[in-house]
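Two forms, one chain: they're shown below as structure tokens, one block per form, named structure 1 and structure 2.
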Structure 1
């Protein structure tokens, strides 16, 4: 029984990591239909930024998290201004935004990734942080993994609450449902739209900073995370903060138990089976409204 709990807890923790990876894209694609395929690249930037601060200045990665968030938020605003503002304004419908932003996202992906190769080289990097285990009820977990899990839960709940209960959240949801209508009732979409996009980039950066505490980093690390993020937000329901967290958990649990009972080699098969299964039963995702 103890072992089962351990496997389940391990699955939840991995699920939390998936949720953290997906959160930023959920804001951008889920809420605004901006298909930012370069999501993983900003995660990579956050990871490198944290690694660099930690190895050069000896800054504690956890203390550095807010800095990563602020810097990437500002970078997000700039990128929005340069790349996405025009298509968001000119597009007749959400579908057009989606198609056009996809192309821009590809461009950004190559640019950001190759910039990282230029600046940091292709070498693998990493540092050891909170790598020691903690024992909880007889089971052992990595501190850094628990930290990511905790962050995933806290950030998801905070986002959920912000979107549902605050005026700001209502404005964001209104903007998503009808940009023109939102403007008519006095919502400043000219401010809100870039701000939500910037928050998405900031969350990607924070996710990268957290992952750099666990995994080694390379300039090419982002692409697979973009795929993970897309699966998780589609599974949970586009734009749903709670769905993102639960989608991540579901994926993590299925993988953990699947790997324990069958073989780790079947991991991809298992996660895609769940994905396809969910889409067959609920095409809009588990928590779509």
Structure 2
């Protein structure tokens, strides 16, 4: 029983990280149709920023989380202004925005990734943080993993609450449902678009900071998380923040139990199998309404 609990907990911890990453990308794509394929690279930036602050300045990673979120949010505003604002305003259709943003995203991905290789090198980096195990119901968990799970779920629930109960969140949901109607009732897209893009980048940075507490990091770590985020968005449904949370947990559990029964090398095969199955059976997502 303890072994099953450990496998399930590992899947939920991984799924919580998946959810945070996917929520940021879902905000950007669901609101503006910007396919930011470089999203995972900002997860990597958040991880390295946290690693650097902890190893050089001896700052507690949990205390540093708000700093990571603020810095990456500001970086997101700058990137939107320099790279995506013009295509979001000038494109004739959502399809044109998707195509052009995809190309820009690839350029950003390789630029950020290679800058990280240039600055930090290709070696793995890491640090030990609250790695002592605790025992719960016969299963052993690292303290850092439990903290990461708690903070990932808290960040996801905070975003869900903001989207549901705040005026800003209602404006975002209105834009996702009907961009033209939202503009007709006075919602300012000039403010909303960069703010949402920055929030998406900030969520990726927070996910990277959490990952740095339990895994070693490399400049190439972000790319697989972008692909995983796209799979989670497909599972949960485009524009559904709650679906991202449930989809992240589902994918994490599928990967955890799949690797336990088969092999760790089949992780991506399992993910893509789920992805293709959902596209065939329910293309709008398992939790879309």
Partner chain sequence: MQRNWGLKALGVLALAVASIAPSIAQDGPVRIGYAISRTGPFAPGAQMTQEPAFILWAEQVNAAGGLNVKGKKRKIELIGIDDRSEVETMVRTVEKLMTTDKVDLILPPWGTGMNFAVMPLLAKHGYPVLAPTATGRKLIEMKNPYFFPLLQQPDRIMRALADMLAAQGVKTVAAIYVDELFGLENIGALEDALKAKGIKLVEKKSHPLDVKDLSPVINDIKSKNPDAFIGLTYPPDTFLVTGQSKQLGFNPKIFYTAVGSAFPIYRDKMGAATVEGVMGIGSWNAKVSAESKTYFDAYVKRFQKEPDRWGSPHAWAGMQILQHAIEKVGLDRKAIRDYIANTEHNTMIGKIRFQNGENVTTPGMVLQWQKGEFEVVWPKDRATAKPVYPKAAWK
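Each form is matched to the other, and the largest set of C-alpha atoms that superpose within 1.5 Å is called the rigid core. Computed from a predicted structure; not experimentally measured. Numbering follows the first chain given and starts at 1.
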For this pair of chain forms, which number matches the form predicted alone?
2
Using a superposition on the rigid core, decide whether the Cα position of residue 182 changes by 2 angstroms or more between structure 1 and structure 2.
yes
Aligning on the rigid core, do we see the C-alpha of residue 156 shift 2 angstroms or more between structure 1 and structure 2?
yes
Displaced residue check between structure 1 and structure 2: residue 110, CA, 2 Å or over, core reference
no
